[in-house]
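So this first bit is one chain, no partners, the form predicted alone, shown in structure tokens.
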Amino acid sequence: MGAPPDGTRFVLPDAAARRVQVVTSLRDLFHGWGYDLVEVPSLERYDPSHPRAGQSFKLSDRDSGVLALRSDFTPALAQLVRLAHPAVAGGAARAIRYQYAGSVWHAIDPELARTREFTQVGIELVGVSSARADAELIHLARESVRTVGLVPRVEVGNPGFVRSAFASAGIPLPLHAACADAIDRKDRSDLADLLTPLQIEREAQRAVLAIPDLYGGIETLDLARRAVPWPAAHRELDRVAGVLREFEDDSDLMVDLSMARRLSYYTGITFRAYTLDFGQPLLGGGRYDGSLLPAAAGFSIGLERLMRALTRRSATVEPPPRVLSLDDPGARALRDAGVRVVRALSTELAAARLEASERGIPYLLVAGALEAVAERGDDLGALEAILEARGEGPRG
């Protein structure tokens, strides 16, 4: 059958085990904060207005309808809210907290080295819109990175600041997306090339050109007020300041007012989380009131990217099983105590010993007794105690 399709991958046992551990840790974190786990279909009805319609894998249904593989969890969760909580979907103020984990699929240009199938883990806080709600999500973004053992750095921005600056400067709407992209890439040269042909005042042009450099600590907000003088932009800065005031400890937070991606989708605070010595964001999200629901915000974690960051930090390998067994009741007792036990492929004692030796398994369990196949480990006594406590000691 050959290699899997471009952009997909097989996951071997060590990596699969680490992925499960990471997802479980994140689920436990979110559950502790009141986020309930939900599931949504992998198949959706194809919708040209879907935020990622251009990346959807389209499928033909038997009734001639067009389906699509899930390309983003957020629209699916919004549909779940509309079905399960119609009052909230209609604007009622009531907090709903959901968490999710699963695969998404993106159709890509096969000439580009990108992923087609990947795993997202995330949360959505629906039905409320406030600085306190935004701060909760940013706090959980930071804790998500900490939970898996990495050091977080969370960058907080507000695309509304960029949007208001464009309006105040008089930049034509058709150019907003291109200018926002240049700002998000912190490319002042590209931005200047877009602004130069426009008939806007020099001071307005200077203010917009200052935005890519508005990055740093909390003091960046004061710098922004001086560099971008318009009242509408200052109101958007007040939003950021209000969220940051919710934090007792803001040591891991940075302000990035050049964060301008998906300008038409995000309506409030946005954020991205990084870790040291890994240049790509581990997660991203923000507030999208009115885009899919009246009040909603959330973030998603790219599991594959997170695992790459973890691999850089530590290349630990899952240890082999401790016991190879020819004794099913004894194996059951050990597994109940959390010991990894593999069932021997042959009932012949010599073949079982050879199997244990080739797989690097230190002990063979035969008729309730543990036999050291290779060098005896320091846990033999503990394993024997488990068998004796469960009534699975050696049989005479």
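Numbering starts at 1 and runs along the sequence shown. Just so we're on the same page, rigid core means the largest C-alpha set that superposes within 1.5 Å between forms. Note that the structure is a prediction, hence the values are computed from the model and not measured.
The form predicted together with another copy of the chain exists for this protein as well; it is not shown, and the discussion that follows is about that form.
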Practice task
Report the residue, out of D190, D181, E246, D252, that has at least one non-hydrogen atom within 4.5 angstroms of another copy of the chain in the predicted bound form.
Solution key: E246
Exercise for the section: Only one of L125, V208, L237, V145 comes within 4.5 Å of another copy of the chain in the predicted bound form by heavy atoms, so just point that one out. Expected result: L125
Completion exercise
Among 226-234, 196-204, 74-82, 173-181, the stretch whose residues bring a heavy atom within 4.5 Å of another copy of the chain in the predicted bound form is 74-82
Problem - Exercise: S357 in contact with another copy of the chain in the predicted bound form, heavy atom 4.5 Å - result: no
Exercise for the section: Using the partner position in the predicted bound form, report whether P13 sits within 4.5 Å of another copy of the chain, counting heavy atoms only. Expected result: yes
Problem - Distance check, A95 to another copy of the chain in the predicted bound form, heavy atom within 4.5 Å - result: yes
Exercise for the section: Give a yes or no for R116: in the predicted bound form, does one of its heavy atoms lie within 4.5 Å of a heavy atom belonging to another copy of the chain? Expected result: yes
Completion exercise
Restricting to 30-49, the residues within 4.5 Å of another copy of the chain in the predicted bound form through any heavy atom are H31, G32, W33, G34, Y35, D36, L37, V38, E39, V40, P41, S42, L43, E44, R45, D47
Handout entry: Yes/no, V366 Cα shift of 2 Å or more between this form and the one not shown with rigid core fixed
Key = yes
